[in-house]
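Here you get one chain, nothing else, as structure tokens; it is the form predicted alone.
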């Protein structure tokens, strides 16, 4: 059995839970196992319908007031109890601030291996080989767990993008029926209280979430100046997408840290990724190379970004990007906004 520990907030599954379902279903189908999704919440019933859409064979719920807000000691105890009861071959969680907090604790308590930040997996005979970035994503390491299960794995956000319902490796259980629903009781009352939430601060509203965006337009050092980043904003607005940035842009203070894409930022897998003025350092590529369609715009024909791009434009971005923006707006019947950076700006 493959066990997924779902993450959720405000009675909704987080995007990483849908990505875990892709990895979990692939493993389950390939290894001839069943797929179970575990919901740990004060009221798991509110999340059952969403979990059914992930296509598991079984849903197991663990209810308790101490499961929300998140407490690492409580989640560790609950997952450890589940693992002891069900004896899964693999336990999957997101490589997030939550998943990489409780899952290593469970692995340590059970004395079993942990593979963090998995971005890929392969089957070699009887072995399952996971790939994870190391040395600040300058290299990839292939890891084969040894011994009996369970093996604990955290999946890097964006590495296993959710698929369409008719694509292989997704959808309902193989028998076409509804997943079995089980409730699991864990006594969490005796656990000590070692942490206390003192507040919650959310990111500023209004910007699209990069992790769930279908279209991302990202700008790099080739933009030259902060004032020129309006070109990226205009193209993203015309396409109906989100805005991202490379590390040099963030380090220069042109955009906040939460815009950063790469090994030290966010990992994304949109349907369309437009890289503007980004050379394609390894640290950036690891964060976006699983995108469905990559379009690169750079005047350097030898830029590494073109090695992963599906379409490339070797030209001056200050000429190309405004023209693309105008064309997209014309096709959509949009009018350029007043003072748009993509309309009437002189190229450098």
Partner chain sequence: MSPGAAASGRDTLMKVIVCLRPVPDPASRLFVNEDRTWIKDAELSFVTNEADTHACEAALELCERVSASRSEAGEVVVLSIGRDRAARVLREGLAMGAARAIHLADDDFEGGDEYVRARMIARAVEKDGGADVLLTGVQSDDLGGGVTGVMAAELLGWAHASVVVGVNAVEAGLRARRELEGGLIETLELATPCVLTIQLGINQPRYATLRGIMAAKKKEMKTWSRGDLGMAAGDVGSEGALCQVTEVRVPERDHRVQMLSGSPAEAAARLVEKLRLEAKVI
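Source: prediction; values computed, not measured. Basically, rigid core = biggest C-alpha set you can superpose within 1.5 Å across the two forms. Residue numbers count along the first chain shown, from 1.
The form predicted together with the partner chain exists for this protein as well; it is not shown, and the discussion that follows is about that form.
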Answer key: of 27, 285, 320, 62, within 4.5 Å of the partner chain in the predicted complex (heavy atoms) is 320
Tell me, which of 310, 33, 52, 66 has a heavy atom within 4.5 angstroms of the partner chain in the predicted complex? 310
Is residue 22 close to the partner chain in the predicted complex, meaning a heavy atom pair under 4.5 Å apart or at it? no
Using a 4.5 Å heavy atom cut-off, state whether residue 184 contacts the partner chain in the predicted complex. no
Taking the shortest heavy atom distance, is residue 97 within 4.5 Å of the partner chain in the predicted complex? yes
Quick one: does residue 224 come within 4.5 Å of the partner chain in the predicted complex, counting heavy atoms only? no
Contact test, all of 116, 138 and 265, partner the partner chain in the predicted complex, heavy atom 4.5 Å: yes
Could you pull out the residues of 33 to 62 that have any heavy atom within 4.5 Å of the partner chain in the predicted complex? none
Take the rigid core as the frame of reference and indicate whether the C-alpha of residue 18 shifts by 2 Å or more between the shown form and the other one. no
Once both forms sit on the same rigid core, is the C-alpha displacement of residue 238 at or above 2 Å between the shown form and the other one? yes
Core aligned, does the CA of residue 247 move at least 2 Å between the shown form and the other one? yes
Closer or farther: how do the Cα atoms of residue 302 and residue 131 compare in the predicted complex versus the shown form, where the change is at least 3 Å? closer
Knowing the Cα distance between residue 135 and residue 266 changes 3 Å or more in the predicted complex, does it shrink or grow relative to here? farther
